[in-house]
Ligand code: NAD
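Only one chain is included here, represented as structure tokens and corresponding to the form predicted on its own.
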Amino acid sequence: MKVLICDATAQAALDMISEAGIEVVNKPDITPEELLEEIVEYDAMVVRSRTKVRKPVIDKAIKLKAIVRGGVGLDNIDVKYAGSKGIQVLNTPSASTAAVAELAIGYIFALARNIHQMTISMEEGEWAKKSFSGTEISGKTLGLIGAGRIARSVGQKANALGMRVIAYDPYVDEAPGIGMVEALDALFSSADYISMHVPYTKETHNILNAEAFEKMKAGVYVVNCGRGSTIDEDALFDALKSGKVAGAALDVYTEEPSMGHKLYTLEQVIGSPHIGAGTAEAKARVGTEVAKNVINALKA
């Protein structure tokens, strides 16, 4: 049995798989063209967010029994088509919860206190003590769009910081410490901060659009450490320019990699290159879960 590692995966995970008697071929920089040529040889494949597993790849993968995604979202995999071919699609939903939740909370702090802007000012040799006026997050309302595992972790941390937490999720009736609202409009009209925690689907495509921004409180802050394409980036740009949105923090984008994006011409936007799960601890947990999934799928 052979497994193809298509994206960077912890060495400890590769060792676990090898020790189980499965041959590991580690090609973390494999191109789409190379993948089409090679996948025919493998019983399982491991991907993160970089590698796309669509119909052409699945059609070539005549021996494939499992696709293992190191991470939460499965939007880079054609799950339904894989299932129709008898291929299991597995992920590691809990391994990166703490890392992503902490990044979202960190961004809320950074937006509230203008940390990025002040750092740039200091780097330019300024002492602009009177130029930056931040706000406190205690007493503010955090609106979570989505109430899954990561959102609940963000809510728990926000509660501890004195924030009021509300959430909209049509698939969740209640969550500890979170006030569930029945409509997005109710969240838009109440939230001082909005944090995105939904998968990318047809229903969530650009769920934050121009109309949604119009319904929000003036001066709202938006954080997205969830999935790209859930925010209409052009509408967000306009809302930031108008001042309707006071600031935004982004870890995910409609197109990735996202370089030279016009949103980053605005000083009130901060961000990162999709590194929500990028902690040493999360990588280790993801690796362990990936290895277990591969072993269970091929040794069952």
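Residues carry their position along the shown sequence, with the first being 1. The structure presented is a predicted model; accordingly, all values stated were derived computationally and were not measured.
Keep in mind that the form predicted together with the ligand is missing from the display, and what follows is about it.
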TODO: Determine which one of 186-194, 135-143, 92-100, 209-217 lies within 4.5 Å of the ligand in the predicted complex, judging by heavy atom distances; exactly one does.
DONE: 92-100
- [ ] Considering only heavy atoms, tell me if residue 204 and the ligand come within 4.5 Å of each other in the predicted complex.
- [x] yes
Open item on the list: So, residue 79 and the ligand: in the predicted complex, are they within 4.5 Å at any heavy atom pair?
Closed with: no
TODO: Indicate whether the ligand has at least one heavy atom within 4.5 Å of a heavy atom of residue 232 in the predicted complex.
DONE: no
TODO: Give a yes or no for residue 252: in the predicted complex, does one of its heavy atoms lie within 4.5 Å of a heavy atom belonging to the ligand?
DONE: yes
- [ ] Enumerate the residues of 148-162 that have a non-hydrogen atom within 4.5 Å of the ligand in the predicted complex, in sequence order, or give none.
- [x] 148, 149, 150, 151
